[in-house]
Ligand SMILES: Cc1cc2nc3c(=O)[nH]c(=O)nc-3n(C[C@H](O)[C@H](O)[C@H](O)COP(=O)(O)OP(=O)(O)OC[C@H]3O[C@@H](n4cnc5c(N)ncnc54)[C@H](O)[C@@H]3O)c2cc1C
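Below sits a lone chain in structure tokens, taken as the form predicted alone.
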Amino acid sequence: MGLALAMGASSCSTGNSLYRGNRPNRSSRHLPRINISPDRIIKETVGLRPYRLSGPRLDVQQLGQKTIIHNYGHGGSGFSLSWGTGHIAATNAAASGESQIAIMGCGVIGLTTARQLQEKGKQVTIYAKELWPRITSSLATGTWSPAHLVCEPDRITPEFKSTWEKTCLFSFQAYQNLLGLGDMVTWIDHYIIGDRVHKETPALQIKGLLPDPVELSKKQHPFRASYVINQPSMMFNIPVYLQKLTNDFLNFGGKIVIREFKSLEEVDALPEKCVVNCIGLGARSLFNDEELMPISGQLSFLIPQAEIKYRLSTPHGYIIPRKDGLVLGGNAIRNNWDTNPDPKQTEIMMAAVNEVISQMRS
């Protein structure tokens, strides 16, 4: 996998580390209770994460008269890494010398890549089978998770880790620049309920990027669990965010053409000589990438509760407040192409979260 990198991390500050020694103890003894029941479910979806065993593909390939720039296979880290890997893809595409660039795919990866190419003065056309809200990106959870299902642990090489860190930092800074534009990107308290067990340090992490997790005493939270951690993090309100990316792309002169590619000959027939491939799982058959597989994730959307402003995670399910609903999720099934919601999965996730909610102290 090619991992050419054309950006530096020096401009992306991990400013939280400056205050590591003087942080207030984060706690909230009183939290509003989440109302979870089957009759409050307003829709259910199953999204297929484009998981690639070796991680995102970011190399450059020659195909006939075309230069193909790959940018796909982000697994569960697509939203989090999109600006960083998009920067790599846009830089590689600009290096082709072409003024007109084609992008295959109109998900968050394609849109962030397209916007960065426009900032380089390129004329960009997106070719996509479907648009929001029918794209895979519309079915994502929408949380900052740059290391979630990004590659197999035994394939994390020093080169991969270095590139991941730089794309992570680049994306993190891009999202900080979007804070304040409504509630498109927000910070939220995340309460993690679990057992006190020793866990190995993750292979992919950047110390100081997020506030450190804090273990709370029983007096600092309303849950009856013996082990509760508070870890502030970011979340994205996906509908308004994808709409803004699409509108920005069009307002800056971009064009979108509805087209599905079933063969490489159809790609080679495009008028643009440089093409950025952001089609996710579609690359498995089109580019014969056997490393690519789906990891399904089922979500249940419950009626929104405006007063809920915290995220709650348990070992078997989580709940996240978004404008389009309280998002209940927590499963990941490898090599599952079925996009039909499974009632048993809903029951498992709902029971896990309700067990914690029902025992909250008033």
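Heads up: residue numbers just count along the shown sequence, starting at 1. Bear in mind that the values here come from a model prediction, so they are computed numbers and not experimental data.
The form predicted in complex with this ligand exists for this protein as well; it is not shown, and the discussion that follows is about that form.
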Legend entry - Contacting member of 117, 150, 276, 140, with respect to this ligand in the predicted bound form [4.5 Å, heavy atom]: 140
Inset, instruction - State the residue from 189, 268, 130, 98 whose non-hydrogen atoms include one within 4.5 Å of this ligand in the predicted bound form. - result: 130
Inset, instruction - Answer yes or no: in the predicted bound form, does this ligand come within 4.5 Å of a heavy atom in every one of 31, 304 and 321? - result: no
Inset, instruction - Although this ligand is absent from this view, report whether residue 56 comes within 4.5 Å of it in the predicted bound form, heavy atoms only. - result: no
Legend entry - Any non-hydrogen atom of residue 75 within 4.5 angstroms of this ligand in the predicted bound form: yes
Inset, instruction - With heavy atoms only and a cut-off of 4.5 Å, decide whether residue 105 touches this ligand in the predicted bound form. - result: yes
Inset, instruction - Report yes if any heavy atom of residue 83 sits within 4.5 Å of a heavy atom of this ligand in the predicted bound form; otherwise report no. - result: no
Inset, instruction - Among 152-160, 210-218, 256-264, 85-93, mark the stretch whose residues have heavy atoms within 4.5 Å of this ligand in the predicted bound form. - result: 256-264
Inset, instruction - Would you mind checking 40-55 for residues with a heavy atom within 4.5 Å of this ligand in the predicted bound form? - result: 47, 48, 49, 50
